[in-house]
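Take a look at the structure tokens below, where one protein chain is shown in two forms, each on its own, as structure 1 and structure 2.
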Structure 1
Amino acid sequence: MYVAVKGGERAIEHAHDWLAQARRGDMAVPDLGVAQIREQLALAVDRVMAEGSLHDPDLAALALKQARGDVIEAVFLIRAFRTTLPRFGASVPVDTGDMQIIRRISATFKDAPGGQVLGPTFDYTHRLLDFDLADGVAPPPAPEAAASPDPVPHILSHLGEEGLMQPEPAGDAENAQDVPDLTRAPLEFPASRPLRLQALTRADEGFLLSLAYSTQRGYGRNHAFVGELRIGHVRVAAHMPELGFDIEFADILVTECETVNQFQGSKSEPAQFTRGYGLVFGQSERKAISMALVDRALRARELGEDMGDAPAQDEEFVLSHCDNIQSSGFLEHIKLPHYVDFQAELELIRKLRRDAGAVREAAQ
């Protein structure tokens, strides 16, 4: 009796119905609101926005709800939505020096203008399950201080003034439209640093974390200090050529990390500190630090460092494999039918075994 895959269409529809029901779970438990996800699972929302390359907390929360909390699936939903949006242009470069800080720390200086602000961090919490949370006990109000009106300059700028920090090429606000766009041009190698950073900021957090960790353990070691980690709100503006001035259109939360790395110097350049850079949507400091370490590792060639076989220093390896929508799609495609190829392999291996058997018999 031949029972192949007839009825695929109906099976798909029924599977989707089942999925919808499973997503909702027990109907006796209240439905989860998108606003609840946005407010109470904010770090998951931030991760979906960062890897989805779309800053929209409500859509990210909706995607998380639809994806049953599967972050990569939610990122995929956001990416598939984002790809249909027209691109009007580019914003002028965001000024992170002008950030409204909610957290700012430096591991290289005990204090600096603007001070250290711990902010809402898990650091120094004891990872003990809080059973009160299960009962929905509201937290006590957090004490508040008046916001400081003083500017909070980048800490590494103080090193830059002394010439100890390798300067970066100045941002070019006039030509913001010329910044490469990974979503509008195929990735080709060698990639420029702006393009690499663009790929890293939407890269899978777990992949970047592991790569960054590998540099710390000696695979492309470049010993990083966290010069500064800052989280806060920045203004996003676009230049309007018809009007001749910039218009602010958004205020977004971002995490920025600048690492200070040793550089021995070379024949042409005196010893200097160099920088790894990470900038990520939302409060995503694990990702931002990882990004900075990997960015710095990928500068090995530019800085004339010894290139071993360290994966984190290999631009083509890192950029080709860092996107979780590409990697999960291709990984999971192997569950699609492959009967035809497998049949061809089956015939080949049977034939090779027959031929080998005939040779053995002839030899005996």
Structure 2
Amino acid sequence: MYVAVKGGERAIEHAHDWLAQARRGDMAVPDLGVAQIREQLALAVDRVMAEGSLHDPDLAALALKQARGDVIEAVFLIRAFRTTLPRFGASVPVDTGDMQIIRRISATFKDAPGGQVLGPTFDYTHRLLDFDLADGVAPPPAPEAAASPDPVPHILSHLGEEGLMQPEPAGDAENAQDVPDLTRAPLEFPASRPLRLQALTRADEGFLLSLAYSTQRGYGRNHAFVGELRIGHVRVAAHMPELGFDIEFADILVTECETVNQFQGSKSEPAQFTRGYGLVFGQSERKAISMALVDRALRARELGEDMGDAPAQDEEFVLSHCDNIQSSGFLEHIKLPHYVDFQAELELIRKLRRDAGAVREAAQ
């Protein structure tokens, strides 16, 4: 569209040059390296990977640098790059029960089997500015982080053993191949729960946070308990048919959240607890909890619960608006030239005003 503007191509080239200068900033200040962003802005890197649907900390850090810290623009860059990559196959389902834990808490059981691990978190800080960071003061030595060497069972599995938790359908590698891939096929309604979870895991964190908060305030009656929030490393493997066994090829950090919600029961189901689920790349607790709350809200129809007018229970509303790339693309397109459209509306308004003036003169 800009090509139609007189001198548009040259103006765009100059805009690119200006952007590069603005990105670099004051040349007297040392350049920020990709490794620095990856290591010291890790939570922003994790968000870009999650919403960009591509696990690569170096590329996510590069995208953040190129985008001048604009997370959504960085996600856009990662998504665009992702489309250029070949696809060799699908991994087998990740076993989060075998996670090497670095953080694990439960709001439902104080003495959780396997123990609670506080891990690296802002939860217990005072939220006061630390001016030592501005002065470059080195942090105090901390005990060496040691992930749990043994598998730590999911806390909610103990409720399941008592029949108090609604069982989830068992999954296997063969069925996993049949799950629709949102990155390669358009979203269709009604969406299955696996497809909904795909959309939520790459959805905009702020959008999900607002929806999750709305369910807690009564728009969806979804005041849940965090049954378990765990962060740790999981092994990713792919099945090799020609070899007859799985090959592990990656170790990635993920955040998993399971919420516990009360369910009064139905004609076919006894009173029991139900689950909301969230899983995202990296350390992203707010996103995982929000995802679990919205996932549970979207299960209202499946569970036979009363459907009100809560936005978080409206599948089409949630899934059609949660993607920040689609949302920002549609929003920002109004910055592009709409000269012809506006001139038509401008002429229409002028004509209406002329006609109205003529009517008033005739009435006088």
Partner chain sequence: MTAYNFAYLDEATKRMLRRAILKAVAIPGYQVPFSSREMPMPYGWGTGGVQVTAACLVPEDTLKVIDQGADDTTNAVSIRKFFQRVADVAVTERTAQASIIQTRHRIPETPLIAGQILVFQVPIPEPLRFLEPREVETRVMHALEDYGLMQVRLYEDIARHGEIARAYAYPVRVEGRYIMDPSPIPKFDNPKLNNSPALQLFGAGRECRIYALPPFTRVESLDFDDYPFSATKAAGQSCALCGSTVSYLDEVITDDAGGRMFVCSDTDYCAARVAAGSTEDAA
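Here, rigid core means the biggest group of C-alpha atoms that superpose within 1.5 Å across both forms. Residues are numbered by position in structure 1's sequence, first residue being 1. Quick caveat, the model's predicted, so the values are computed rather than measured.
Where the criterion is the form predicted on its own, structure 2 meets it and its counterpart does not.
With the core held fixed, L346 shows a CA shift of 2 Å or greater between structures 1 and 2. Taking the rigid core as fixed, one finds a CA shift for E13 smaller than 2 Å between structures 1 and 2. A movement of the C-alpha atom of A22 falling short of 2 angstroms is seen between structures 1 and 2 when the two forms are aligned on their rigid core. For V359, the Cα deviation between structures 1 and 2 after core superposition amounts to 4.9 Å.
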